[in-house]
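Given as structure tokens, the chain that follows is alone and in the form predicted on its own.
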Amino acid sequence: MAKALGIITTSGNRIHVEGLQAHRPVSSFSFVGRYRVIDFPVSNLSNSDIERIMVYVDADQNPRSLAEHLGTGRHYNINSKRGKLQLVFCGAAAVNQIYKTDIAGFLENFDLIERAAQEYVVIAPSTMVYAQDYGKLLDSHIASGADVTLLYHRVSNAKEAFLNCDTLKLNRQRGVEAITRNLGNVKDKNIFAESYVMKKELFITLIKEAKKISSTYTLAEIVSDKCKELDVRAAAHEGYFAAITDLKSYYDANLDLTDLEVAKDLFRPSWPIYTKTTDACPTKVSEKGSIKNSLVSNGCQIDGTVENCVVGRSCTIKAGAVVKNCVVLAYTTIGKDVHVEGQVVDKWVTIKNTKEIVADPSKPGYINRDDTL
């Protein structure tokens, strides 16, 4: 397999996840209690023997938690002698949100890209959750002789979901004719998985050309423009796929994985998802406690009822409490006889005086970090 530079892009100016994003970038969001969203693209690259990885992050999106989680990258099984995981900051000088694009981030750190010794680049998103062997994708790209290979996932619910995502317009030979926004007008769509494979030389050329056209141009836009000039091909992704673009999609992606069969489609023994481990005692469920169809992390004390939930580390659910259809982040306490339903509960929350907080799962609520209710 040819050597490739792995690049994980930021969420840019398109994505806003109500509440959660005020405290950390999307890439640092907790996922199914144990992981962070960033663990999936980094693990995919590491498992694909791509060990020189740049993780782009907006400097003004409170990146502290992401930096702490990534650390040196040793927990991602990256070879410390020949590999490197590098956090790359961008967007600090942007005077307007429209300038926060992936192209702008690449330009801010252009010297790092130019100096990289790898012949190819593999670009992956920081806001999508899926398992992908980029090594096979890279080998297929090289064998095909294509200029650019794009990854996509075929969905049948594009009218209701993936509304802030791009789609690929393909011809019969899976050649890409254009990259367009999902407008929610057709149910069957090829959702662009925001993964690119190309030679580094071409990548640099596209960055420069995008800058000449517009300071607000994105990589997707310049690649779409070049579809008639370049050989741009598509490769289909198989398996579980989620795009975190708003609070609802984050909520749904977590609760999807309470289904064992769905979880098996993402977490495969042959394709480990690495993360920074946190030691804690096992979760304790008392005689009064009950857990049904839920993912509950270590260190919890469950004395109430938990149903169809994802519960983070070291949470306390007290006697008489009912927590249903919720995503509960770490270090949260749900007090005695409290009923919480259809909520995303951020870290360090205590709910004890408000006895009922209920929302329809089709429009989940958000409870702010560190709040006492």
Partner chain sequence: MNQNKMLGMILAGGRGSRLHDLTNKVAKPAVSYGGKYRIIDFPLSNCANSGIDVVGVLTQYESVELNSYAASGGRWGLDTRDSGVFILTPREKADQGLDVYRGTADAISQNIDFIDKYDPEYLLVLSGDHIYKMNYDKMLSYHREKGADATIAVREVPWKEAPRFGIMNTDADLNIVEFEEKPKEPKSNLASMGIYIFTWSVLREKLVRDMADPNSSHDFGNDIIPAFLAENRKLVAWKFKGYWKDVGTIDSLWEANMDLLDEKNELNLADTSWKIYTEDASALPAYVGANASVEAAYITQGSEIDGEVKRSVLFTDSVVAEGAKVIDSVLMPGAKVLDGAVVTRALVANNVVVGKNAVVGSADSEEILLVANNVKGDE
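Just so we're clear, the structure is a prediction, and the values are computed from it rather than from any experiment. Positions refer to the first chain, counted from 1.
There is also a form predicted in complex with its partner chain; it is not shown, and the following applies to it.
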item: Distance check, residue 263 to its partner chain in the model of the complex, heavy atom within 4.5 Å; value: yes
item: Residue 181 within 4.5 Å of its partner chain in the model of the complex, heavy atoms; value: no
item: Residue 296: touches its partner chain in the model of the complex, heavy atom cutoff 4.5 angstroms; value: yes
item: Contact test in the model of the complex: residue 217 vs its partner chain, heavy atoms, 4.5 Å; value: no
item: Three-residue site 319, 322 and 368 fully in contact with its partner chain in the model of the complex at 4.5 Å by heavy atom; value: no
item: Its partner chain in the model of the complex: contacting segment from 50 to 58, 333 to 341, 34 to 42, 63 to 71, heavy atom within 4.5 Å; value: 34 to 42
item: Its partner chain: the contacting residue among 289, 135, 83, 175 in the model of the complex [heavy atom, 4.5 Å]; value: 289
item: Interface residue in the model of the complex among 118, 167, 164, 301, criterion: non-hydrogen atom within 4.5 angstroms of its partner chain; value: 301
item: Stretch 269 to 289 - residues with a heavy atom within 4.5 Å of its partner chain in the model of the complex; value: 272, 273, 274, 275, 277, 278, 279, 280, 281, 282, 283, 284, 285, 286, 287, 289
